[in-house]
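To begin, one chain is listed below as structure tokens, in the form predicted alone.
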Amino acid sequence: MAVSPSPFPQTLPAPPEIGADPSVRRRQRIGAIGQAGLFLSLVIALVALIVLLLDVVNKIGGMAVYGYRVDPLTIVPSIPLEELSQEELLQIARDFIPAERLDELPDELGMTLEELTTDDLIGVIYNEVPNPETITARPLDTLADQELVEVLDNNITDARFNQLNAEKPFESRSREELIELIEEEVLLESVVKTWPLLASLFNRQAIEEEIQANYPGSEYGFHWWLTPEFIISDLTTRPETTGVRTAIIGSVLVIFFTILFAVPVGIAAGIYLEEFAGKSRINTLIQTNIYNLSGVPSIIYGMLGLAIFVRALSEFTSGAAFGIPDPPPNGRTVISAALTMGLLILPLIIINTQEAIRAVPQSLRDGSLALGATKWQTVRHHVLPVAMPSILTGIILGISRAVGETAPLIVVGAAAFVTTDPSGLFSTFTVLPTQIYTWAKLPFDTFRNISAAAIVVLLVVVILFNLTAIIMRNRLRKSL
């Protein structure tokens, strides 16, 4: 029986060589270029971040030269020249009158200094030596305790003197405490010159030589701006003694009340729009506006908060409507800032909540509804727990943005100088970003140093907020 030939070829054609197709090669090149661009972007971002961190760290410490704003010799009692002997007056004249003047004086006076009477010699010293009282001034550590108290009384206001005495009576203070008070309240010890941290670590010898040449006799040493005292101290006008405690408390209060307002409202709005709103023109318009609001500049939210919370609702945001004693004269309070920041991050939370709910498998909903659960029961007990870790991710991003915002809070009324800690919703306040901005724009190196220290504190606060949210998110994921 003859076998009919097979209609199929006995051997298969060789597969085309990989990459032989010009369109494939073109796509491969485009993909390689895109991958290289993404990698380059990552490298640039990492380099920029490292440079930024190094610049901040480079300013939180370094070599510094110390000095006093007030000359210590001008505030202490001195020995009158009239009480000095002839030999002591002659020695002062030889030490403090320039040599060329010493050579000219005998011709002008018609006699040598040794031949002058005591009164004439005193007159010469007063004429030739600037501020002769400082020559015989007694050092602080040689004064008696009562004399130290008199120095304080003569050089500070009566109100400040009484305040210090009320805090701790001067009679019970030690000698070292009295001298320290004089240095802090009268002499105002300050940092005259600073050097960056890296230069101080690796080029200290050259810095010390520069100090000896330009600041002879001055005290110097290594100075850290980021210290525990900087964190727990209140705000002052001097960078050497100021702190960020008030700004930290203000930031924590604003963010806490922002979370209380924005998170429940944002999650509830996202659930409604995704699960219950349905398809309609109104809902589509609302959804479009939410997406648009997420890209609005933050300063616009600040203007909105100023118009509504600070001005229109000032009776409520100042606390006057609730009988708060001594309310602020306007609505520039913690509650106004919290509501403004809540509006700022609300679109981000809503959109992220919708995306998280949309990622939950439809089969989970169908199974719950098939077993007789209502729509709300399905969302409450099945959809929301599964979506909550992703929702928390959006909350983390929103909080991080709110912590670092400056522009809306400046518009709403975050003060640049607040010396009292905020105690509640209706307190005036300042926050870390505002304080950093205020210090960074001042034309003194020492204020830039403390602004760098405050940046590190702000980074730590942001990390702590994020770390708390990340721990909560991970626990929720493990419980599912």
Partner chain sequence: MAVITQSSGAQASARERISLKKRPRPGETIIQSLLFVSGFISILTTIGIVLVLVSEALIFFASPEVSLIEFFTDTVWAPEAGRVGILPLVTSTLITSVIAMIIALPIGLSAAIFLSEYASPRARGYLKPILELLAGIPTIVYGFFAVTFMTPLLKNIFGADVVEFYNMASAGLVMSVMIVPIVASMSEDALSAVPRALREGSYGLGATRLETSLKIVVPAAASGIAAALIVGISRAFGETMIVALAAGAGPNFTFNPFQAAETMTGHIARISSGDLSFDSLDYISIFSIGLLLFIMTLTLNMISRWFVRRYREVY
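Everything numeric here is computed off the predicted structure, so don't read it as measured data. Only the largest set of C-alpha atoms that superpose within 1.5 Å between the two forms is called the rigid core. Positions refer to the first chain, counted from 1.
Beyond what is shown, the protein has a form predicted in complex with its partner chain; the following relates to that form.
- Stretch-level contact check against its partner chain in the model of the complex with heavy atoms at 4.5 Å: of 116 to 124, 162 to 170, 263 to 271, 137 to 145, the positive one is 263 to 271.
- This chain appears without its partner; in the model of the complex, the one residue of 190, 406, 218, 227 with a heavy atom within 4.5 Å of its partner chain is 406.
- Checking 85, 292, 91, 157 for any heavy atom within 4.5 Å of its partner chain in the model of the complex turns up a single hit: 292.
- Relative to its partner chain in the model of the complex, residues 28, 297 and 466 are all within 4.5 Å by at least one heavy atom.
- Of the heavy atoms in residue 237, none are within 4.5 Å of its partner chain in the model of the complex.
- Looking at residue 304, you'd find a heavy atom of it within 4.5 angstroms of its partner chain in the model of the complex.
- Within this chain, residue 458 lines the site of its partner chain in the model of the complex, having a heavy atom no more than 4.5 Å away.
- For the chain shown alone, residue 472 is not a contact residue for its partner chain in the model of the complex, no non-hydrogen atom being within 4.5 angstroms.
- Residues 27, 28, 30, 31, 34, 35, 38, 39, 41, 42, 44, 45, 46, 48, 49, 51, 52, 55 of 23 to 55 are found to place at least one heavy atom within 4.5 Å of its partner chain in the model of the complex.
- After superposition on the rigid core, displacement of the C-alpha of residue 444 between the shown form and the other one stays below 2 Å.
- A movement of the C-alpha atom of residue 41 reaching 2 angstroms or beyond is seen between the shown form and the other one when the two forms are aligned on their rigid core.
- Taking 2 Å as the criterion, residue 423 does not count as shifted between the shown form and the other one: its C-alpha moves by less than this amount when the rigid core is aligned.
- Cα of residue 356 to Cα of residue 472: at least 3 Å shorter in the model of the complex than in the shown structure.
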